[in-house]
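Take a look at this single chain in structure tokens; it is the form predicted on its own.
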């Protein structure tokens, strides 16, 4: 099992259920227009609220769009990005509230490229076609057609650890959605539009935009949802000291 050679352990049903949810969750890049009922959204949030946080600060706050509000935001966001000197592929353009990675190198660059190539291949984009791949990247700002968007923010005074706590919450939220049959995609790309998003939703200056999240029901027939990413073996990420 992922490089672990110890004898098999007894697996309670809760562990198997969690494993199944994690294995089934993937970033959805094409959604049906069908809205998610408010009661289902609230259940997602209620489950996610159990996330761990430093000193139980629970620094996350959300803006959630529904119905016409999602379409208005989608249209305004895409128009804003088109007016910017924006290159999503190369990280050029408006800046985020939290610094983006300085660079991807080694195995991290390999994994990023593998994911990108798998996506582009799934939608018929040939390797090296920069124009087509840039167009696909811009689908981030159409929210991949999702009927709902979330903006996740953290308290500025809590710094990077407030953002780390929000990462814990985000993981819970995506698994909660998966358990309810709702597809999601976390979007750092939206965080790069923090100036626009802060003004659009009138978010106070003391809140820092961590990321966006588009969600709804997956279009299972869309080619962009036809691939999944690989995960490293345990031996590649864990060092055991005895």
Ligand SMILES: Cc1cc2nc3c(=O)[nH]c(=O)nc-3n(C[C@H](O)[C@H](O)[C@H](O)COP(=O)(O)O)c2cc1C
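Residue numbers count along the first chain shown, from 1. This is a predicted model, so every value here is computed, not measured.
As for the form predicted in complex with this ligand, it is not shown, yet the points below apply to it.
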task = May I ask you to choose, among 36, 186, 203, 64, the residue with a heavy atom within 4.5 Å of this ligand in the model of the complex?
result = 186
query = Out of 27, 194, 70, 178, which one falls within 4.5 Å of this ligand in the model of the complex, going by heavy atoms?
reply = 27
query = So in the model of the complex, does residue 231 come within 4.5 Å of this ligand, heavy atom to heavy atom?
reply = yes
Contact flag, residue 172 vs this ligand in the model of the complex, heavy atom cut 4.5 Å = no
request  = Give a yes/no on whether residue 84 approaches this ligand to within 4.5 Å in the model of the complex, heavy atoms considered.
outcome  = no
ask   = Does the 4.5 Å heavy atom contact test between residue 140 and this ligand in the model of the complex come out positive?
value = yes
note = Exactly one listed stretch (126 to 134, 140 to 148, 70 to 78, 155 to 163) reaches within 4.5 angstroms of this ligand in the model of the complex by non-hydrogen atoms, and it is 140 to 148
query = Which of the residues spanning 100 to 115 lie within 4.5 Å of this ligand in the model of the complex, based on heavy atoms?
reply = 115
